[in-house]
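Below you'll find only one chain, the form predicted alone, shown as structure tokens.
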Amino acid sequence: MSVCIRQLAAHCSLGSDLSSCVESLSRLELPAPVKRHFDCSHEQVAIPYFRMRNKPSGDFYQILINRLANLLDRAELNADDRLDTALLIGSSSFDVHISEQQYQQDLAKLGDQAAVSMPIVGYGKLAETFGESLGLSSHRYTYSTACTSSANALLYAKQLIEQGQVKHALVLGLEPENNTSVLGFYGLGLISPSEQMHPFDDDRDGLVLGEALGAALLSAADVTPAPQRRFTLAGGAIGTDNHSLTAAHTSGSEIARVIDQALQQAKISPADIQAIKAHGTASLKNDEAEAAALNRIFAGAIPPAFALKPYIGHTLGACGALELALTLGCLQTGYLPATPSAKGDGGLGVKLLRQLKPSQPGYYLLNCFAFGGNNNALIIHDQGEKGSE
């Protein structure tokens, strides 16, 4: 059974909707991160961060529910259709920012002896709240596998539809701004001192985090209107590399295995891949591992590759759904994104596109890797405008 990706949404440092994000990418605009200031061990530090552009004020979750409702409306899903729609949410932090706010309030009111540092743990509550508000089915799932969270949610959504458990699946990748993530990555020494991300370059020195949301509506092909059948989730795989808590093995062997499994599920060969959306975190070990895997799979003849994190930062659990939306938005417009700041390949053999390149129908590989050794590879089939008629 073919599973179509029929509607998309995005909000990140590039723009407040998918069209504005794609337009920014077409202009090769690299947003500058803001500085977030913290008192760390009585030392003031400024940490770069990519905030959402035109971030709305008010109840963040109600605004998000309204956006998801708009996405469902665009797909013309009626009340019965929505009752046949699963909800899958992937995030690294979920409502940690709410917990941080509550802690600060308790700290001011009760003092440090009584205040609990993480008073709210609501990983499952968001799915229930959103599902009830949107009138969705009882299939409501939460994924917290670090940076692969929403990428894994996409693959499980495909399986739910293929198994006939639902006709539709709404996948949300969510990463609200919070202190815990920023200070955690800073403490690990992973934040770029230059405040720029240069994946696969000689001078790559780390990452910059960002907040974002990305969403995708998947449906069985037989209930998807012809104009919305252009993109299908053709295959994918998930694997675990227990080499390290924070990095894949630099041999790339486990990442290569996951990519190979994804190609097999899609019933294609490496030669069928038109281009690669690299994970591209610009951290030393992860770039080495991803590059080694790509060289293994493609025998040194790597297809055109692009990375989106220099524009949006590393959006952690949201990056799977967000970068899918941005990639397909660019393909709809007819181009592959580029990274004008890319300087070389750092001896890794992966040269990112520096200029926009016309896109072609065919298969695309989307990589996503995470702390804990969780690896994800997705295969997208773009049938082109004629194929969707």
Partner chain sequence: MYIENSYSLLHKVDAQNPVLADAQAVIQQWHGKRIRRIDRYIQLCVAGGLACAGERKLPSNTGVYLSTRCGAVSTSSQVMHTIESENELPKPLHFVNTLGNSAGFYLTQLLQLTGTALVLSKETLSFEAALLHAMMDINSGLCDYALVGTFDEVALPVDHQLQRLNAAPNAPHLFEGTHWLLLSKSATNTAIGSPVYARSPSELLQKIKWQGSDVQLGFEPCEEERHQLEGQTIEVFQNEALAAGTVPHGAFGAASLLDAAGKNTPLLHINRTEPNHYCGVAINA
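Residue numbers count along the first chain shown, from 1. The model shown is predicted, which means the values in this text are computed figures rather than measured ones. Throughout, rigid core stands for the largest set of C-alpha atoms superposing within 1.5 Å between the two forms.
Not pictured, yet referred to below: the form predicted together with its partner chain.
Only one of F130, Y311, Y143, F306 lies close to its partner chain in the predicted bound form, with a heavy atom inside 4.5 Å, and it is Y143. The partner is absent here, but in the predicted bound form a heavy atom of R257, alone among R296, R257, R229, R74, sits within 4.5 Å of its partner chain. Put simply, E100 is close to its partner chain in the predicted bound form: some heavy atom of it is within 4.5 Å.
Taking the partner from elsewhere, P193 is found to have every heavy atom lying beyond 4.5 Å of its partner chain in the predicted bound form. Though the partner is left out of this view, L134 does not reach within 4.5 Å of its partner chain in the predicted bound form, counting heavy atoms only. Although the partner is absent here, A370 is a contact residue: one of its heavy atoms lies within 4.5 angstroms of its partner chain in the predicted bound form. Stretch-level contact check against its partner chain in the predicted bound form with heavy atoms at 4.5 Å: of 52-60, 354-362, 34-42, 319-327, the positive one is 34-42. Although its partner chain is omitted here, in the predicted bound form all of V96, Q165 and G239 have a heavy atom within 4.5 Å of it. Along 178-206, a non-hydrogen atom within 4.5 Å of its partner chain in the predicted bound form is carried by N179, T180, S181, L183, G184, F185, Y186, G187, L188, in order along the sequence. For S57, a C-alpha deviation below 2 angstroms is recorded between this form and the one not shown after rigid-core alignment. In this overlay on the rigid core, A46 has a C-alpha that sits less than 2 Å away from its partner position between this form and the one not shown.
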